[in-house]
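Only one chain is shown below, in C-alpha cells, and it's the form predicted on its own.
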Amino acid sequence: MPLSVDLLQRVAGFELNALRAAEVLGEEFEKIGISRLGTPIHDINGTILYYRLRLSRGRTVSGYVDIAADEALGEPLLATSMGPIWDEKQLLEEGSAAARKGRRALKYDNVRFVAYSYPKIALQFLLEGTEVLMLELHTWAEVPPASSKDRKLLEPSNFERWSLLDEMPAQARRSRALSFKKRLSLWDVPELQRIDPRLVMKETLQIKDFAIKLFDRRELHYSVRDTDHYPCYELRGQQTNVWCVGASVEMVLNFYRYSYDQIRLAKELGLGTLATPNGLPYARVGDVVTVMENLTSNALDVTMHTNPGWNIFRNEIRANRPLISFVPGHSRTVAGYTSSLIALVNQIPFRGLLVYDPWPPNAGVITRWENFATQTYQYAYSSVLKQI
C-alpha cells in the first residue's frame, strides 16, 4: 500500500540528512529544504510508484529527491539530484499545450505523471479514468499503446510503455518489500521522534546513539591521481527518444578521447537515422561490445556483464573506468559510486551510483545518487584500455 506524502517527506529528510552527515552529499545540500508538496509518479497500472519532491534553498529551487511510495521498489530513497529543476506546473502547461496542438478536439479531465518506462516519465491524459493520450516528458512525443507482441519480462524496447510493478517477479517484490520495511524501521525510533528532518544539515543527526560509521566514494578523473585532477566525465543527451544506447556509447568513447557522434554510432549500431530512428533490440545487446572494439581498433577491450552486481560497478570506477548500464528499456552510463554504513538499531548500508543519464533527449541529467538497491541492472559494459 502506498505511503502518505507526509511520511515520505519525513523519511526523505532522514535519508538525505544521513547522507549529508556522512558527506556522501556535498556542501550544495547544506541547508536545503524539502518541499511539503510532492509530484506523484504513477506506474502504468495506476499505482503511485514514488513522489518527486523539490529541493530548495529559500525560494530558489535547486534540485529534487525521488522517494518511493510503493514498497516493491526496495528502499525509500530512489535518487537525488542537484541542478535539474522540477517544475510540475510548467511541465503540465507545456504538455497540455502540446496535446492541444496535436489533437485540437482532445477532451480530458485529468492529467498525471507516469513512469511509462521507469525511470522515464510521461504525461497521461485521462477522460473519466480512461487514457486518451500519453506524451513523453520534454519531447512531447506520443507514447505508443502497449505492445501486443510476446517478449520476455523486463525486456521492453527503448520507447515502449511497460509496468514495473506488473513485470517484476513475485519473489523480487517480496524481497524488496522486506528491505523497504527494514529501512523504514531505521527511522522509527524514539531518538528521532522530536527531530524535524525537512531541512538538510550536516549536524541534524549528531545525536546520542546515532553514528555514521563509514563511507567510501569515488568519481572518475582524468587519471587515478585524484589529488591533481578534477572529475572529467561529460554528459551527452540522446538526440532522439530511442538513441539512449548511442548516447551512452558516445559518453564512454569521449572519455577515452574518441570523438564519434551519435549519427555515426547509430549507423554502426543499426539504430537508424535522425529521421527514422530505432532502438537496440535485446537480441543485439552484444553489438555494443563489437562496435566499441571496432571503432577503437581494439584499443578498448569491452566486456558485457549480465545482471551486474555492486562489485562490478565499484571495481571499475576504482580503476577509473566508466561503465554503460542497461536497465529495462533504457541505457545510461555510470561514472562514480558511494557507499555508506549507517548504524542505528541495526546496520543498513546505502550504496549509490553517479549516473549520467542521456534522457531526456538533447539534455540528459546527472543523478547523484541513484540508490543501487532500487533499480534493476540487466547488463553493464566495462572497457579496459589495452597497454602496448
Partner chain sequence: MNGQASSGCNPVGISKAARQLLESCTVGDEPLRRSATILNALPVLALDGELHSWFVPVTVGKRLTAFFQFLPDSTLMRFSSFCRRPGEFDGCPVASDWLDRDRIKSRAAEQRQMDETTGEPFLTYDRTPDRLVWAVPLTHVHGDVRLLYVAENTVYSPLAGDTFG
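C-alpha atoms forming the largest set that superposes within 1.5 Å between two forms make up the rigid core. Residue numbers count along the first chain shown, from 1. From a predicted model like this one, the values you see are computed outputs, not experimental measurements.
One more form of this protein should be noted, the form predicted together with the partner chain, which is absent from this view; the next part is about it.
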The unique member of A122, V245, L73, M292 whose heavy atoms fall within 4.5 Å of the partner chain in the predicted bound form: V245
Candidate from M134, V285, A115, I317 lying within 4.5 Å of the partner chain in the predicted bound form - any heavy atom: V285
Looking in the predicted bound form, is the partner chain within 4.5 Å of a heavy atom from each of P281, S340 and G364? yes
Note: the partner chain not shown here; in the predicted bound form, the stretch from 260-268, 154-162, 195-203, 105-113 having heavy atoms within 4.5 Å of it is 154-162
I'd like to check something about Y51: if you look in the predicted bound form, is any of its heavy atoms closer than or equal to 4.5 Å to a heavy atom of the partner chain? no
Partner proximity in the predicted bound form: Y379 to the partner chain, non-hydrogen atom cutoff 4.5 Å: yes
Report whether the minimum heavy atom distance between P360 and the partner chain in the predicted bound form is within 4.5 Å. yes
Can you tell me if P322 lies within 4.5 angstroms of the partner chain in the predicted bound form, counting non-hydrogen atoms only? no
Is there a C-alpha shift of 2 Å or more at Y356 between this form and the one not shown once the rigid core is superposed? yes
Would you say G329 moves between this form and the one not shown, meaning its CA shifts by 2 Å or more once the core is fitted? yes
CA of G129, rigid core aligned, shift of 2 Å or more between this form and the one not shown: no
